[in-house]
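A single chain, nothing else alongside it, follows as structure tokens in the form predicted on its own.
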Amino acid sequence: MAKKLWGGRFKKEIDKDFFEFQKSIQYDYKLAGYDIAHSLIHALALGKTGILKPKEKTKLIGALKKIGNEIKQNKFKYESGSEDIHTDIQNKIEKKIGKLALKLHTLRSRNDQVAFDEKFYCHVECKNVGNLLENLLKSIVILENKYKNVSVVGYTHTQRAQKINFKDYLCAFYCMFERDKKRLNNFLKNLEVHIGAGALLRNIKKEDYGKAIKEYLKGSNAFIKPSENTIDDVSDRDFIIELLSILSIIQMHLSRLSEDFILYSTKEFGFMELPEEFCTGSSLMPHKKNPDFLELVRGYTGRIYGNLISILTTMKGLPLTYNRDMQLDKEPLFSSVEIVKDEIAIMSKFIKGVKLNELVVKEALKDKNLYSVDRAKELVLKGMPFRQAHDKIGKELRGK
């Protein structure tokens, strides 16, 4: 069992089964890079206060940057016996520079670290999801332009309704994902990554953290700021709920697109041909071409929605401030981000390979019911009230 960041007031060793039950290193290792950022800013702040001498600060920062480079190069390996990523990094620094590492955790708490790390993670991943959505929007435009002058059957209630442009049909999905992009941009604009809350009270001056942040960011956009209300900072997980809500809406749109494409590619409709490289076959029936990617997207919707409900349920009755329940926010967050990112990336490739079966569509467009509104409009333009025109065309279509 690795060294812990706590334990002085305890006489007994932690129960081994309980330790395994409560540790989080197996998933919060994903926050390693963000935790290094917290430690770098904190070390700079300790230097501003004089708690760290200049040489000590330089040595600590050097060790932190080495671990940071290992993370960037995918060479970082966490110790499975560590309680969490904060403890693991602390122990790694101690191995590099000895007892000086014990000064790093001066006047800070993991409560502050984890809130900082998760907000920083959300900041970065929000940008990543936004960039992937931008690629998806471009792919939709490519398919729009491929069939820009083609008409298809439009549906309401899954019943044939009117003749529409295929480009307009695709543009409906474009509008959905464009709104999602705006939601992400608004989320990013309002998200501030705070540091310096301690366990629930500030222990280092706000000004010292402000100077440390400025030095760390080196003049770039200051999305990191000193903690304002420390009690709120360590107890807040609204930002996770908000991001998971946006991801749930994106997932809904991906699922609706998938459902349409599954439906229109069936033999019963035959309007679309799906790209083979994103489909699979049957182990029994040689003729099958199954839309597995689209079905998995549709299926993952339950998990994405469940992740949002999980965090809402966890947070709904927690007293201020930090509670260990909040440790369980990470897996739903990581899960939703990774699933949605994968889906958007694959969908961007998938949608460019969709083919429209124009002959089948033309045959379907011969259905005279699709033009009932146009015919009623003609009568209206000749002076007939619309209600009468509606009844007249309806009777004609039913054969009376």
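The first residue of the sequence shown is number 1, and the count goes up from there. These numbers come from a predicted model, not from an experiment.
One more form of this protein, predicted together with a small molecule, exists but is not displayed; see below.
Out of the listed residues His86, Lys119, Lys92, Arg108, His86 is the one that sits within 4.5 Å of the small molecule in the predicted complex by at least one heavy atom. Contact with the small molecule in the predicted complex, judged by any heavy atom within 4.5 Å, is made by just one of Phe177, Phe166, Tyr322, Tyr264: Tyr322.
Across the options 144-152, 277-285, 185-193, 108-116, residues that bring heavy atoms within 4.5 Å of the small molecule in the predicted complex belong to 108-116. Within 4.5 Å of some heavy atom of the small molecule in the predicted complex lies at least one heavy atom of Gln327.
When the small molecule is considered in the predicted complex, Asp28 lines it closely, a heavy atom lying within 4.5 Å.
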